[in-house]
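Only one chain is included here, represented as structure tokens and corresponding to the form predicted alone.
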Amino acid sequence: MAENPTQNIHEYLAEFDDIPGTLVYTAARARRGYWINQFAMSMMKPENRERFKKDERAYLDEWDISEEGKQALLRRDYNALLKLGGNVYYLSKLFSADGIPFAEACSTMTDMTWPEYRQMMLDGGRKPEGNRSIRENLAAAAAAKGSN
């Protein structure tokens, strides 16, 4: 990202959308996901986990969460929850309530199985090549297609 002290904040924040596979947690996302995150934090209390496990839908209906958000929570669709403003550190309370380790839950947000994800992390994580810019990836793919 180019540093420009006079750059509009909205233009600056839009540049984050160019990072492949990454959703930067901005103030706008925080506002949008407020109730999802409040629900997730409620999982810290044993009595709330018990109520949730007894009837997930009924417990979710107590929260001011959109239907889209409730469906994503019921499916444990963490990518959708992140797009809806969920914060992975708040959502980790739900992972824990489900008895799933943090790294294993993170693997569900990728196109890898848990063993593949674990090995990738043990090998040093994602390689930076191809993971820096969506625009650059599209340009490189177009150039490669044009040279064929």
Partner chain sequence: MAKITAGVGSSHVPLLGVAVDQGKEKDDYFGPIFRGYDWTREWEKAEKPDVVVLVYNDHASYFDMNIVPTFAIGCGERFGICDEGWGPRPVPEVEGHPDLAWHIAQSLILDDFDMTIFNKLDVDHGLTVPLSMMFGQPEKWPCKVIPFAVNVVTYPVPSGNRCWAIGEAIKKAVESFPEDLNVQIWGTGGMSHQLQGPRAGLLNREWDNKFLDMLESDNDDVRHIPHIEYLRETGSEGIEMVMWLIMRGAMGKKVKTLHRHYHIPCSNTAIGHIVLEPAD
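Quick caveat: nothing in here was measured; it's all calculated off a predicted structure. Numbering follows the first chain given and starts at 1.
Another form, the form predicted in complex with the partner chain, is not on view; read the next lines as being about it.
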item: S96: touches the partner chain in the predicted bound form, heavy atom cutoff 4.5 angstroms; value: yes
item: Partner contact for A58 in the predicted bound form: the partner chain, 4.5 angstroms, heavy atom; value: no
item: Contact label in the predicted bound form: T110 to the partner chain, heavy atom within 4.5 Å; value: yes
item: The partner chain contact in the predicted bound form: Q38, any heavy atom under 4.5 Å; value: yes
item: Residues of 9-24 having any heavy atom within 4.5 Å of the partner chain in the predicted bound form, listed in sequence order; value: I9, Y12, E15, F16, D18, I19, P20, G21, T22, L23, V24
